[in-house]
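Below sits a lone chain in structure tokens, taken as the form predicted on its own.
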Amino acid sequence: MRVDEIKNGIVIDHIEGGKSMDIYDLLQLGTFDCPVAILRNVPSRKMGKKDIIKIDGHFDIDFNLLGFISPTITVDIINDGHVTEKKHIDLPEKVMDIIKCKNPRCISSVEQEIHHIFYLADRQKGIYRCTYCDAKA
């Protein structure tokens, strides 16, 4: 298999195996007018298997979304064929409108205009809780 290098764009690497399609959908990469390559189940010494997404173009990335889906992610910014910036993503302290509260009595479930906001309650276990009712995500 051959996937060419990109001259100007973004490489999302070290995605937990099988989670690249979640990222593809949530970042709405299908709506872009540039080439996007998804590599799934790539052998990795550190992770066993990983996914990689290569985007031949620049756009604003929601790092909280990436960190929530897979906190092992690294993002490489490519300019003129060289990595000019490398970001290591971690679990975000707060996520907004990425997940929805499961509590049917929570105000975020009842009111349509309220944002779904969760805070990181346990970093070790990756547990998030609703800001309004404290329900576990």
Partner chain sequence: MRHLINILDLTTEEIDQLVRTACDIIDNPVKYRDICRYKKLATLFFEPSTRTRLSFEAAMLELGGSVLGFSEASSSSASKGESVADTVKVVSAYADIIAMRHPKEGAPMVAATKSDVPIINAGDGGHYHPTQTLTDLLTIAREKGTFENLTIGLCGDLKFGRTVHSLIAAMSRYTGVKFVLISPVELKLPGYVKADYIKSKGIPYEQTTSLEAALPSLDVLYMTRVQRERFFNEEDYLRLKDSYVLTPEKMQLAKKDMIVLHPLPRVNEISTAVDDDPRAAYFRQAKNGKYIRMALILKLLEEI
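Numbering follows the first chain given and starts at 1. In this text, all values refer to a predicted model and were calculated from it rather than measured experimentally.
One more form of this protein, predicted in complex with its partner chain, exists but is not displayed; see below.
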Quick one: find which of 51 to 59, 82 to 90, 100 to 108, 68 to 76 has residues within 4.5 Å of its partner chain in the predicted bound form by heavy atom distance.
100 to 108
Mark residue 19 yes when one of its heavy atoms lies within 4.5 Å of a heavy atom of its partner chain in the predicted bound form, and no otherwise.
no
Does its partner chain come within 4.5 Å of any heavy atom of residue 112 in the predicted bound form?
yes
Heavy atom of residue 131 within 4.5 Å of its partner chain in the predicted bound form
yes
